[in-house]
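Taking the form predicted on its own, here's one chain by itself in structure tokens.
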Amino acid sequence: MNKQEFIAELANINIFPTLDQLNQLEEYANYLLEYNKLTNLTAIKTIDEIYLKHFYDSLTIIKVIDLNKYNSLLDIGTGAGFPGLVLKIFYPNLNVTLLDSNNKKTKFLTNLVKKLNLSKIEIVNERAEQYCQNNRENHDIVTSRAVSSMQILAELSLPFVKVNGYFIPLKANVKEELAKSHKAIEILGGKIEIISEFKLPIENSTRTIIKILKTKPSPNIYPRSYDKIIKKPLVK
């Protein structure tokens, strides 16, 4: 997906980037490719792939929610900033927290945020279950992209979400793992509102966005330590 194809596909989902936003994305892509030569942040190696599989893919979250109406967003396992940093560029109203336990990735993000001169953005190098101890239920939206299975991800994510806020993971083909996660979502105070399945342009791979409303507080015992989550995930 070249830049013109990117702009055209965004128009199909009612996003119309400004010149400043396009310039920020170009700087983002170039810096990512440069940095990736020294530190492996992504398997994607070309500008066209970045525009399709990172930038466009991150923005598809707007298929299920209007981000102009919310104040805070947490991106768990953000990696090189997807989707959280891309969403920050397009929705500067958001106070964004980028959370990742990999120090090399958070160092890259710290440098990039300075380059792009972004404000109201926090980068945290910590495990989700540890960070949650002092940050429970204080985000309007919690998201993640291609991180773990749904029943594990639900336990790591839903405790961060405010009641009446949303947990919105971006996944590939998720039918099997989603079927196993209904009980976990219920226990953690969530209720699935929307499951949006579609094809990524050009390559036609399956994408799924799940919009989960937080209807009640998550029990304080969650999230458990990661080894316990892995050994005994919450399943039906």
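If you're wondering where the values come from, they're calculated on a predicted model, not measured in any experiment. Note that residue numbering begins at 1 and tracks the sequence as displayed.
A second form of this protein, the form predicted in complex with a small molecule, is not displayed here; the remarks below concern that form.
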- in the predicted bound form, which of the listed residues (Ile123, Leu116, Leu94, Val147) lies with a heavy atom within 4.5 Å of the small molecule? Val147
- Only one of Asn102, Asn111, Asn138, Asn71 comes within 4.5 Å of the small molecule in the predicted bound form by heavy atoms, so just point that one out. Asn102
- Query: Within a 4.5 Å heavy atom cut-off, is Pro159 in contact with the small molecule in the predicted bound form?
  - Reply: no
- Query: Contact between Phe82 and the small molecule in the predicted bound form at 4.5 Å, heavy atoms?
  - Reply: yes
- May I ask you to state whether Val86 is within 4.5 Å of the small molecule in the predicted bound form, using heavy atom distances? no
- the small molecule contact in the predicted bound form: Ala128, any heavy atom under 4.5 Å: yes
